[in-house]
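Just one chain is shown here, as structure tokens, and it is the form predicted on its own.
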């Protein structure tokens, strides 16, 4: 969320910044609401002062006047509540402002490659897709999942289920033992206010799985990413400086409707309603956000380096970034069957955008209470890592070699073969 004072102080600058998001906002309504809000607050404070003076005077002749003032104050409070709701509705719908070095563009076509790493494998046969490989091994079953649950779900079985678990455990071990993250096993259900805090609500409500409760006012959702629940660990809290930076990691299932992806990646595991992900979250002093973003991105790419999977790092354009992000690096892994790179991680700095929504603050060196900075990133998407291993480590007979670093997690198995 944005600070209304910053918008008020330089509305044209704010409007120009939002244009980088290709959002041409008419600020007149927002500024008018803000002005009315401040006028009514002043009017209310004057009335309260007058009422207080009457009370001090203990003049019974002014009793009726005091009652009249109380009624006026009640009317003003109701008006202020209405204005507050309208102000928050507008402010909560506005995306974060892109950082200065973010390339300006409407979509992914304006993203810029930063670097490439690893060697693209060469096969003496036509590489198969992950879903062909998994189905031939009888270890990926999409048809059964469609029968039991619906489309965009899968049964992962036998040694591929073991591999999926191994990937997750390996990532958690690297992030906790080498990268300095604290492991969290969080709830998988988030409240409405928690979803609001990280920016999933109200803008992206159609993409969330809501849970039905008897009390319709008690709205809760399956988490679309552990970012939501981990970042909100700082909700309504004031941190001490010595608690920062706070670095958290969790391996959880994630649930998304993929409402805007109709017709995309309908085959295989690339885009599913339920998937596993190892998520990284950092809570830092705001001026350290961009340094922390580089660190977080390096922690994510380290996993791919250890797995010896080829990848590239790109910086997202202003129009392709997430709602809460000020700067985002995507990591894309090479998929031989598609002959292209596909996203496996997205690491974002959100500045104080989420912290303001969550009222997450800290005491700085001057002992001032100010908003924190938050970051999040996949370290990595487990399902897509499984896909990348299947395709990059496939053999001509359809078997899958196990990456060296995963063998200790796979009972020292060298290869997955069809039974």
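Being a predicted model, the structure only gives us computed values, none of them experimental. Numbering follows the first chain given and starts at 1.
What comes next is about the form predicted in complex with the RNA, which is not displayed.
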120, 267 and 295 - do all three of these have some heavy atom no more than 4.5 Å from the RNA in the model of the complex?
no
Note: the RNA not shown here; in the model of the complex, the stretch from 347 to 355, 375 to 383, 389 to 397, 34 to 42 having heavy atoms within 4.5 Å of it is 34 to 42
Does any heavy atom of residue 369 come within 4.5 Å of a heavy atom of the RNA in the model of the complex?
yes
May I ask you to check whether residue 67 falls inside a 4.5 Å heavy atom distance of the RNA in the model of the complex?
yes
In the model of the complex, does residue 419 come within 4.5 Å of the RNA, counting heavy atoms only?
no
4.5 Å heavy atom contact, residue 29 and the RNA in the model of the complex:
no
Which pick from 287, 240, 126, 212 sits with a heavy atom within 4.5 Å of the RNA in the model of the complex?
240
Even though the chain is shown alone, can you say which residues of 356 to 389 have a heavy atom within 4.5 Å of the RNA in the model of the complex?
361, 363, 365, 367, 369
